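Heads up, the chain below is alone and in the form predicted on its own; it's given as structure tokens.
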Amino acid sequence: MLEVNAAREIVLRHARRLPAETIPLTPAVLGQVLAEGVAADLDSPPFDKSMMDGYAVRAADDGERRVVGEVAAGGSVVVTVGPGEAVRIFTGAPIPPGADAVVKQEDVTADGGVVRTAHSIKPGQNIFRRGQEMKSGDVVVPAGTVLSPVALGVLAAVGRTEVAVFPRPAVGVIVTGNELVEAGTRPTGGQIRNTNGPMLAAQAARAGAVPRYLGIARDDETAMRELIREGLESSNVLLLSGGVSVGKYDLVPGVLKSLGVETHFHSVRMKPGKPLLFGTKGNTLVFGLPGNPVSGYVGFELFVRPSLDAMLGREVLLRELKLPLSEPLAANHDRPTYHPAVVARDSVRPLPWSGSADLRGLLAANGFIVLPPGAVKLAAGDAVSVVLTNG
């Protein structure tokens, strides 16, 4: 069995960044990674402008100043400030010639057409100089930037209506098993509802991919082969849930082999999720995740999510840290175990949990405590390794 870190390195060696595409600059690009640096097409601001409502003046003048005009934001400057003069000005308006400072309106006393200042004035005060934010030709949003609302605002400021980004991977999701029915069906006999399809698709969407649920593959090689073939042809990443162990009805490994998928590993030293398969066909990544829902969830977070980060052009973040326990925890497992937990800023609290079939036990979890193999008895305050899964 491979250790988790060794298995993840194999996955990341095969996870290739997708070719860039140019798309409209809309909120839909949030979270995607910019594929090329973007330069300013003009100075910002394009002129010296006022940062306050007040009066544009000459800082060297003393005493009273005669108001000789007014400039509003978006307006044209048709007046010059001479000795002993002031111009009424508003936030964002261009500074008139002759003025080298703006006095905010709270610091002046106005009496008819004359203003008196209450404080000393420094040259340049309350003026945002031309090009102070950005100069024409400067790269203002570098390649590799994860697009945020602020980045979209800056891109709009430099006139961009389209951007080159690394596209969101298409993730196909197939669940396997004769026992499964969809959520809208009431199970009978030995049937159970399909939880893994919606869960894995949602995990893919949260990771920034475009999920496509392809349905339930019954335990029949011919039918399974056709559904998996469709997934391989239409996906950058194909997720298969269930049927990957060594039982009589675990048909997935053989079907994948018949379709030309090369298997790189088929077992990881972890709990839950030991029988996890990873393979490739061309540039398509294939993950055979165990059918128990918590096993599938953990396998996605440890292996699929980092691969999606790499394909999106993001820095691959493993989201691991050390935190003290908020309460005691005792366990005894034969493999490193991922125990559901609530991760706070300065501590981590283990959740009650019944094992790999207990999906409800994850409902409040935003991470996992990584327990070493063997018997452990931890006290409140002991530091433990934690893997974050939220966000």
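Numbers follow the displayed sequence, beginning with 1. Just so we're clear, the structure is a prediction, and the values are computed from it rather than from any experiment.
What follows is about the form predicted together with adenosine monophosphate (AMP), which we do not show.
Colleague: Even though the partner isn't displayed, in the predicted bound form is Leu180 close enough to adenosine monophosphate (AMP), meaning a heavy atom within 4.5 Å?
Modeller: Close contact exists here: in the predicted bound form, Leu180 approaches adenosine monophosphate (AMP) to within 4.5 Å, heavy atoms only.
Colleague: So, Pro96 and adenosine monophosphate (AMP): in the predicted bound form, are they within 4.5 Å at any heavy atom pair?
Modeller: Pro96: no contact with adenosine monophosphate (AMP) in the predicted bound form.
Colleague: Considering only heavy atoms, tell me if Arg193 and adenosine monophosphate (AMP) come within 4.5 Å of each other in the predicted bound form.
Modeller: Within the cut-off, so yes.
Colleague: Looking at the partner-bound form in the predicted bound form, is Pro290 within 4.5 Å of adenosine monophosphate (AMP) by any heavy atom?
Modeller: Pro290: yes, in contact with adenosine monophosphate (AMP) in the predicted bound form.
Colleague: Tell me which of 155 to 163, 81 to 89, 314 to 322, 194 to 202 has residues with heavy atoms within 4.5 angstroms of adenosine monophosphate (AMP) in the predicted bound form?
Modeller: Among the listed stretches, the partner-contacting one is 194 to 202.
Colleague: Which residue among Leu302, Leu277, Leu238, Val175 has a heavy atom within 4.5 angstroms of adenosine monophosphate (AMP) in the predicted bound form?
Modeller: Comparing distances to adenosine monophosphate (AMP) in the predicted bound form, the residue within 4.5 Å is Val175.
Colleague: Just one of Gly243, Gly231, Pro272, Pro211 has a heavy atom within 4.5 angstroms of adenosine monophosphate (AMP) in the predicted bound form, so which one?
Modeller: After the contact test, the surviving option is Gly243.
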